[in-house]
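Shown next as structure tokens: one chain only, the form predicted on its own.
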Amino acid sequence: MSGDRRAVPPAVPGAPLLEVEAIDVSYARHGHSPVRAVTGASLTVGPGEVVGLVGESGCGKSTLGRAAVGLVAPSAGQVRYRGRPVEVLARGARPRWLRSLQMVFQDPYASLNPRRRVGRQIADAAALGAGAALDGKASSDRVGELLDRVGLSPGVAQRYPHEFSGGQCQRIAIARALAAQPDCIVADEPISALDASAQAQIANLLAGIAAQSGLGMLFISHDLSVVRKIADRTVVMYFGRVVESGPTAPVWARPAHPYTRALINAVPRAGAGGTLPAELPGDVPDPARPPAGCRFHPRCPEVMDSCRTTDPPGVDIAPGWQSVCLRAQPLPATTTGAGEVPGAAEVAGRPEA
């Protein structure tokens, strides 16, 4: 049965655009224990909000992103879009109500069809967004408008993906996602394969689209310096688990989890005297055999004996800011007013740079 014929679940008024609630994602391995790529992860994305999801390679970021759009089935927990459960996608058509949730993949050359002109691929997405095929002029105008929006000439519509650079291809992939008129985009490492100048261009493009259009965005990256610039909130993952989440400025100024501090300390900085930043010691454990207690304790420079046996609970550092660490402590009440999250200057105890 076509996905468009399924009964549409009722929307929930006031629900976030995208809500990931305590999901687990496991991968079976023949003759071996299953790998739990994501464990109990939760996050939300609201309208006009950019949420940065960061962590080392292999921490489960991309798996969480794929589960968020229905490409991977959670083994526990639930994903909801506008309050409606997101079911894993089958080979049939994507349900119409779910087409406003789109994804931009890490490798644009793999996500674009090499045998079709880029204009035709964007036009197909535009027809899905409109709910009907567009006539020739309307389709051409819409494709040109979308290409112009991502900084490309409408004339490139007649070319094939292999004729573009990586940054240009990623712009085309973004145009195709926008063609479906999304309310929310999951961008999975959209800049990791690009050079530094193209990374900045694509990151600024996505942040500008979110600000101008009011769409929500889950921006997945291992580059904290980019996330710091464009994300309203930051979610930090380690070894399949969310270890810290909160507003970006306070999290950056005073990270509550040792892993978040290690990631921030590893960001190269200008004026460092030619020295490289300190690297995080140790190796990521075997995902099929996670350590007891805190998952980070084998690499943590602040480890205590209790960390080796106790799975730490979430601690509310401030409203909307949580850390999963036995050393984490709530911040004292500030002068910002009841219920407000303190800004970067207040949590750091110094003026902002």
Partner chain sequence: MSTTGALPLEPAPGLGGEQAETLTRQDRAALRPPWRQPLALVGGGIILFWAVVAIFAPLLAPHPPNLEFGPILAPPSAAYPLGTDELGRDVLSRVIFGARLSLPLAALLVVAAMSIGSLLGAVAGYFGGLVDAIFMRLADLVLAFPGIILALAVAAALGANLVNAVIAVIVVDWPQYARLARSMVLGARSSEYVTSARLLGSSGWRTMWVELRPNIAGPILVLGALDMGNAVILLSGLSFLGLGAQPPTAEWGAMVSEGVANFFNYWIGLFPGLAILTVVLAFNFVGDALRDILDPRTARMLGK
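No experiment lies behind these values; they were computed from the predicted model shown. Residue numbers count along the first chain shown, from 1.
Omitted here: the form predicted in complex with its partner chain. The next part is about that form.
- Proximity of R82 to its partner chain in the predicted bound form: non-hydrogen atoms within 4.5 Å are absent; the residue sits far from the partner.
- Proximity of R241 to its partner chain in the predicted bound form: non-hydrogen atoms within 4.5 Å are absent; the residue sits far from the partner.
- Put simply, A90 is close to its partner chain in the predicted bound form: some heavy atom of it is within 4.5 Å.
- Contact between A180 and its partner chain in the predicted bound form is found at the 4.5 Å heavy atom cutoff.
- Of the candidate stretches 139 to 147, 121 to 129, 73 to 81, 210 to 218, only 121 to 129 contains residues with a heavy atom within 4.5 Å of its partner chain in the predicted bound form.
- Of the candidates V324, V69, C300, V51, V69 is the one whose heavy atoms come within 4.5 Å of its partner chain in the predicted bound form; the others do not.
- When its partner chain is considered in the predicted bound form, only one residue from A157, L206, C169, M103 comes within 4.5 Å through any heavy atom, namely M103.
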